[in-house]
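The chain below stands alone, shown as structure tokens; this is the form predicted on its own.
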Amino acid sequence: MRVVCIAAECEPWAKTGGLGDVVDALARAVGATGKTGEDTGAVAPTGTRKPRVPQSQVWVGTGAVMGVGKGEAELPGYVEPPVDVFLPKYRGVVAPDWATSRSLAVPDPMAETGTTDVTLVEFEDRGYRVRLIDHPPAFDREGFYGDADGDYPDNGWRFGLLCRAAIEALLTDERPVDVLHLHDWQAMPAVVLRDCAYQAYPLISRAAVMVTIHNLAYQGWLTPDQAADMLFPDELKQALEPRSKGMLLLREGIERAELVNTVSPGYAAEILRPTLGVGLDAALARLGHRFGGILNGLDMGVWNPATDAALPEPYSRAEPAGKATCRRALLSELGFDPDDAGPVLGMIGRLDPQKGFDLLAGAAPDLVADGARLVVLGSGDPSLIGGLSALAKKHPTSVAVIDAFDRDLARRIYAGADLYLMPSRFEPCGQGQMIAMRYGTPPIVHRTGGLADTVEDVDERPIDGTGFVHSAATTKSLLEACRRAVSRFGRGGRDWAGLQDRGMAIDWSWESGPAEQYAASYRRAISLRRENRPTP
């Protein structure tokens, strides 16, 4: 089975958030599954612990795997990676020494001649093939999506060019594509092009499309003029309704794809309702059984306190003593008293209203009065942590606010804090709570999306609880959960150690379930495309 991913981000080459992590980890895991030829369905291996996920929301696909076709490399014993990842070559993206480059002529509505030359930079790494689209006018810019003035107005052209270049590169391969896996709105031009520009090219038109929505709040709206920068007139006539006021790229992907998923079963259920559907709940509901949720995994090698070089001392579930050293070191680094036994609550994230920093700001004075210490790390809109910053100036030995993106400090917070905060108003999946549990730091989360799928409230489920869950996105609800957590931490002993141990025992790896669920979904998408593909 040949899978082609198109995305705006992929760790470590281009990343602003969780999208990049997921695209990389999934490509590696699915690539490994493809190479071994395993077909084990969506059941985690015996002996692993996974969170409770409603199985009605998880696909177990059916249908035979399609052949990979022609175009195999001629080197003896060489096997092409089963996964390709296309992404832009943004400013600062550096290809490795072994990368190859070639020129590629790409149809372009913005070019005077109708064609633009781009450079295709290709290399294999991490178990899959990376294919960078290098075109400085489109991608050599200050930001991936915009600058200080907002989103780039020509994003439709930019990401349309990415998708068209990817398709043209695939045509030169002369090897059939089984699945186009498109991530978020930036990749949606690919399915529009499949249906409106490449119907006569079986290498592309036969491909099934699977769309993964990482965050429904970002949808890719184009005015008619912006859509005309992305599509030629005949393509635009097919894609755009005559009376349409524009094109919503994510809606196009939802309506044209064989399968659509999001990154947790809980979020999949939530966005079918108007309250969180952001105007697309009806379109998703119309998909019926073709829409569902697959919970993200976690790279268990990258996130491992036993091997994490950023920590002052390694530790593990079997030998957890080093966590105390990490705690003392973090407190000393922040200017807090390392001998103070009061609880340390950490929070890391993008400064966005979604993440609930304002809820913590409202609860913080009471928490500090109760004897807790707070450490907050994040970058973005500083106004969201204004109250916390003011509190930090008033209580410099109890509150620390670091307005920055610091990967190593984030790791030290995961390891050194006693409790981890994720009061997100909504959360498609989230990785912070998984990392925190991996590092023996019980999370405090809002009961929403992937947070509800991954964290069990220990007061509700004393035997297998892994953290603390609050039911409303309010300061009062968060404060109540924090006080429950602080009280349990204060009691310590075997009860607290057991809570930490249960979190550290969970196998979040992509290989233990999500990768197989995606592989099964690919097979199902292929079957649906075979049944419904129009004749060119």
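Residue indices: 1-based, along the sequence shown. Computed from a prediction, not measured in an experiment: that's the story for all the values here.
Form predicted in complex with alpha-D-glucopyranose: not shown, discussed below.
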Original post:
Heavy atom within 4.5 Å of alpha-D-glucopyranose in the model of the complex: which of 155, 296, 398, 448?
Top reply: 296
Original post:
Since exactly one of 346, 305, 428, 88 fits, which has a heavy atom within 4.5 Å of alpha-D-glucopyranose in the model of the complex?
Top reply: 428
**OP:** With alpha-D-glucopyranose left out here, work out from 211-219, 143-151, 285-293, 91-99 which stretch has heavy atoms within 4.5 Å of it in the model of the complex.
**Re:** 211-219
Subject >> Interface membership of residue 519, alpha-D-glucopyranose in the model of the complex, 4.5 Å heavy atom rule >> reply: no
Subject >> residue 177, heavy atom within 4.5 angstroms of alpha-D-glucopyranose in the model of the complex >> reply: no
Original post:
Is residue 525 close enough to touch alpha-D-glucopyranose in the model of the complex, meaning at least one heavy atom pair within 4.5 Å?
Top reply: no
Original post:
in the model of the complex, does residue 14 have a heavy atom within 4.5 Å of alpha-D-glucopyranose?
Top reply: no
Original post:
Quick one: which residues from 14-33 get a non-hydrogen atom within 4.5 Å of alpha-D-glucopyranose in the model of the complex?
Top reply: 18, 19, 22
